[in-house]
Every structure is written in C-alpha cells, then in structure tokens.
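This document opens with one chain alone, in structure tokens, the form predicted alone.
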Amino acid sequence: MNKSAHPDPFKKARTETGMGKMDDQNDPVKMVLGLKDVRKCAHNWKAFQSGAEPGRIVIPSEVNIRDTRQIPFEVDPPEHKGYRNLIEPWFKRPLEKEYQEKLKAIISTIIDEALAKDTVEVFGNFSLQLQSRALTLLLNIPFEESETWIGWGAHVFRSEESDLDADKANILYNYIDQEIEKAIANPGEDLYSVLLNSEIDGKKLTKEEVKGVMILTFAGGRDTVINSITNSIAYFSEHPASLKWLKENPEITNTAVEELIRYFSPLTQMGRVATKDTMVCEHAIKADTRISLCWASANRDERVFENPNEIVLDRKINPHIAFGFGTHNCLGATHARQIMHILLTTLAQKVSSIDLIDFKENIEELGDFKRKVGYDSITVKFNA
C-alpha cells in the first residue's frame, strides 16, 4: 500500500448497516456513514441541533474545556442567520485579487525556504507555518503574530498525552481575551475590531460573542488546513507524475483541490444532538443523544463516487461534503480552497519531485474504527 494512502475503515459498516458507534467520554455517539444519510441529517437542524451545550457537538467533546459557544457553528436558525450574514462577507475576502496575491507571496516564500533545506519536517516546519502565516491575512493582523501561533504547536486543544488538554486550550482562550481588550482600547481594521463594532438587529456583539467567533476561527481552521497540506505533500511525494500533470494542465487545479479534500477529508466527523426520539437508517436515536455526521465515510461512499478509494485529480462528479453540508457548512472553506489552489499551482511551478524520507502516521481511535487522519510528522526533501 502506498505510504500516502488513506484506507477507508468505514466501508463494511456503511454498506451493511449505514451506522457505526463509538463512546466519547461516556457520551456515546451513533455515527451516520452514508453520503445521502449524512446530508439528510445535516440538513435537518430541527431534529439534530448544533445549539446544544457548548462543546458537545464536537468529537471528542469539548464540554469539559470550554463554556463559550462557538459562533455561528453552535447556533441554530433563526439566530444562526443573523450571525452568518454578518460574518460571511469577511470570510469571502480570499476571493479578492489583492488577498490572493498576498497569499501567493506567503506560499511562494515557504516553498523557497523548503527548497533551500536538505530536508523538511512538513507537519511542523511547513504546514503549520503556512497555515499560521495565511491566518494573518484572514484576520487582517500583522504577519509577525503568526510566530505566536506557531509557538503553540500543531494542536490548540490536545497534547501528546491527551486528546483534550485544558491547559493548552486556556492558552488560546486567554490569548483571545487579551486581543479583544486590545481591540477595544485601540480599534483597527482587524477581525476583532470589526466584530466589536458590528450589530445584529440593532444590538452590538458582546465580548463573549466575539470570543465565540474567534475560537471557531482559530480552532476550526487549524488542524484541518494543516492536515490538507501535509497529506497533499505526502501524495505528491509518491506521485511525481501528478505534479508534472498539474504543471502541464493548470486548468484542472480547482478540480484537483476538490478531489484531494474529498479523499483526505481532514475533519473526520462532526456531532449533532437529537432534539427528539427519531430514526436514522432504521436505527433508533433517543432524544438528547448524539449522532455524528461522518464526512470521511460519506466521501468514500461507493454508491456515489466511482473508484472512491483512488485519487482522481480530474474527477468529473464530486459532490463531496468535506466542508460540511447544510446550514452549518464551513465558513473557512473559501480561505482553505485558496490556500490549496495556490499551493498546488506553486508546487507545480517550483518543485520537480519530493522525496519522502520518514514519517509517523496519526491514527484516530473511533470505537471499532481506526482512521488515518494524517501524520504526526513527515520528513521530505523538496527538489527544484
């Protein structure tokens, strides 16, 4: 098997019952595995809510490490619409030419830095740095601030010893509190200041609401972007012909981005809490119990995708849901897509091949399922 391959651990359960199950801190989760069923449940926010206890819809649950509600992620309609309408234009800025040019400069620089080294540990010294530097654009704050975030390491909520580390999480929460106070004292054109000066239905956002948006922005777009970049580098290290093909056929780059994101599905799943007794795939779901929308399984559904366990860079039909589906689809998708598009374009222009030297896989333990989500470390050599 290719070292860059991501096997599908859900196929048997998906085809036989459509469901899986796992325990999460004594709060069991029933996993919805098929694409059609995941989309249906994601769309049905009345039966499967996001606005439950803060932290409960995340898997692993963050109930024990935060009580701030992530906004608009953990808010349901009709309140969700007001938050979404306020925030969404800011997160569409990556479509602007000036934003893209700045992002190109960041990515080109980090690839040049990698080419100048004998070897690079991609996860920490390439992907984390790229994600952090790019985030300064999204927040519209000084580039130098990325060094603070890089210093946190790859994960803001977990350490090597634990999936949930309250001490690490508090570093992020305290940092955001401090940045909010700075923006109150000296307003600027950054996201903190914009949110503090914004209103919904004539009412200004509170500091707690601003904090909820910022926690989501930091946490939601960190591991996912890092994993997308790292997994793509691993893939191209084993498929140099694909890199060459992208260089010769740049018009397929957008299609290639969608296919890599489908295949790697950097976020395995997201939870919802049932508001009433109901059924999914002929399985009983009790009120106030959790289901998961398993994006990673849905994106390998053989009833929808031809050759689902292969990367087909010019895949014609690709209704993946790696960025979620329905009311709560990912706000950061535009930013993530631009990062990946520019990364692939720049790699194809500057890099002839990538040598994979060493790696350590990151395997998620999900009840009976074990899923490779990416790498804890991967060392490569970039060849100009």
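One rule holds for the numbers: they count along the sequence shown, beginning at 1. Computed from a predicted model, the values in this text were never measured in an experiment.
Below: the form predicted together with ligand HEM, not depicted.
Of the candidate stretches 211-219, 109-117, 194-202, 169-177, only 211-219 contains residues with a heavy atom within 4.5 Å of ligand HEM in the predicted complex. With respect to ligand HEM in the predicted complex, the three residues A5, S237 and F382 uniformly fall beyond 4.5 angstroms at the level of their nearest heavy atom.
Ligand HEM is not shown here, and in the predicted complex it never comes within 4.5 Å of any heavy atom of R56. With a 4.5 Å cutoff on heavy atoms, W295 counts as touching ligand HEM in the predicted complex.
Looking at R133, you'd find every heavy atom of it more than 4.5 angstroms from ligand HEM in the predicted complex. Taking the partner from elsewhere, P266 is found to have a heavy atom lying within 4.5 Å of ligand HEM in the predicted complex. Site annotation in the predicted complex: the residue of M270, L86, A274, L313 reaching within 4.5 Å of ligand HEM with a heavy atom is M270. Checked against ligand HEM in the predicted complex, the residues V29, A336, L35, L343 give one hit for a heavy atom within 4.5 Å, which is A336.
For the partner-free chain shown, A322, F323, G324, T327 of 312-327 come within 4.5 angstroms of ligand HEM in the predicted complex, judged by any non-hydrogen atom.
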